[in-house]
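Next up: a single chain in structure tokens, the form predicted alone.
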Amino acid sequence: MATIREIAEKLGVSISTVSKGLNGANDVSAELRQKILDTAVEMGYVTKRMKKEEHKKLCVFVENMDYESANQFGYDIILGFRQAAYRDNWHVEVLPITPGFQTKEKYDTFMLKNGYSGAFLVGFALQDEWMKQLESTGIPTVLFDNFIRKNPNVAYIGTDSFEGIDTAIEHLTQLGHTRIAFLNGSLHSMITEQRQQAFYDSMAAHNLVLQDELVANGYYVAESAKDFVPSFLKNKATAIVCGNDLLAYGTIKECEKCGYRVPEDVSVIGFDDLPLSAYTTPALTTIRQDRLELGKCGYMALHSLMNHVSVSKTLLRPEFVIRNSTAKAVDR
């Protein structure tokens, strides 16, 4: 573990200058402070504040995910993380950030100057600036639904999309469906790509012909369904599997607008099992992610990393929840 003296010697500055830079003093230029922080991170320096029990801090960084109310996807994930961290006397700060913020602030130096011992990142996209920086970070970091290869300081937690999607396709084939459509989110995320591949694999495993006109990528919002569902119905889809519940809500409404009944004419399946999914009309058949347990697993993975146990991937099993939005296929 590096000392302030060693950092000063490497940079050719005084110990007091390094100390001021680490503590954000106004009489050290922004350029020099950044250089001090970068060098401290490189040399593995840990501040005294980070070592003290009363200053044990973790951060949950949130991008592109709603989490402030119980009906929103991220709420239980963050709650579960906080609950698990609380038992070990960690203070958890939740910080929403943007892609622009990531271009202005380096991940490692931001963590160091704010005294965070580790972080949990949710809602990030593959092209985000921090995702590149995580390839070489030395700070314990856990990602939800994203993965960094070959860095022992970064772990991934999520739900097994392959098992979840395969269970949905199995359910539909048992109901006699062969023309199954898949409406997914944007391809700029690892989880979207996984679910899409899971759909392709499961269709092949069940000897079903994959129809290009029955696969589409929009966004993970209900409004996206209107751009693709009419085409699915025109091409005689009898079932539509969606990449999340929001898309499924929109799909049900769009089917009704087009004069099709769910599930009598078209079966619809979601992914996530948001609280509202049990109360839609009809109630949504979906693939459940236990988001509270995902949050707890996020902390457990981070706790392992902070104790020098190099965790790679932790996947929870999904649960298939059958409600009223699926039924036997009809000949159309």
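It should be emphasised that the depicted structure is a prediction, and the values quoted were computed from it without experimental measurement. So that the term is clear: the rigid core is the largest set of C-alpha atoms that superpose within 1.5 Å between two forms. The first residue of the shown sequence is 1; numbering continues from there.
Absent from the display: the form predicted in complex with another copy of the chain. The rest refers to it.
A.B. asks: Quick one: from Asp160, Glu256, Glu105, Glu193, grab the residue that has a heavy atom within 4.5 Å of another copy of the chain in the predicted complex.
C.D. replies: Checked against the cut-off, the match is Asp160.
A.B. asks: Exactly one residue in Asp145, Asp166, Asp128, Asp76 has a non-hydrogen atom within 4.5 Å of another copy of the chain in the predicted complex; which is it?
C.D. replies: Filtering the options by heavy-atom distance leaves Asp166.
A.B. asks: Taking Arg149, Pro152 and Met300 as a possible spot, do all three reach another copy of the chain in the predicted complex with a heavy atom inside 4.5 Å?
C.D. replies: Affirmative, all three are within 4.5 Å.
A.B. asks: I'd like to know whether Asn324 contacts another copy of the chain in the predicted complex, with contact meaning heavy atoms within 4.5 angstroms.
C.D. replies: Answer no; every heavy atom of Asn324 is more than 4.5 Å from another copy of the chain in the predicted complex.
A.B. asks: Answer for Asp38 alone: is it within 4.5 Å of another copy of the chain in the predicted complex, judged on heavy atom distances?
C.D. replies: Contact check for Asp38: no, nothing within 4.5 Å of another copy of the chain in the predicted complex.
A.B. asks: At 4.5 Å between heavy atoms, is Val311 in contact with another copy of the chain in the predicted complex?
C.D. replies: Yes - in the predicted complex, heavy atoms of Val311 and another copy of the chain come within 4.5 Å of each other.
A.B. asks: Look up in the predicted complex whether Glu170 has a non-hydrogen atom within 4.5 angstroms of another copy of the chain, and give yes or no.
C.D. replies: Looking in the predicted complex, residue contacts with another copy of the chain include Glu170, since a heavy atom lies within 4.5 Å.
A.B. asks: Taking 4.5 angstroms as the heavy atom distance cut-off, pick the stretch from 303 to 311, 59 to 67, 272 to 280, 259 to 267 that is near another copy of the chain in the predicted complex.
C.D. replies: Residues of 303 to 311 come within 4.5 Å of the partner.
A.B. asks: Would you tell me if Ser304 moves between the shown form and the other one by 2 Å or more at its C-alpha, with the rigid core held superposed?
C.D. replies: Shift at Ser304: below 2 Å after core fit.
A.B. asks: Once the two forms are fit on the core, has Glu31 moved its CA by at least 2 Å between the shown form and the other one?
C.D. replies: Passes the 2 Å threshold, so yes.
A.B. asks: Do Trp90 and Gln34 move together or apart in the predicted complex, judged by C-alpha distance changing 3 Å or more?
C.D. replies: Compared with this form, Trp90 and Gln34 lie closer in the predicted complex.
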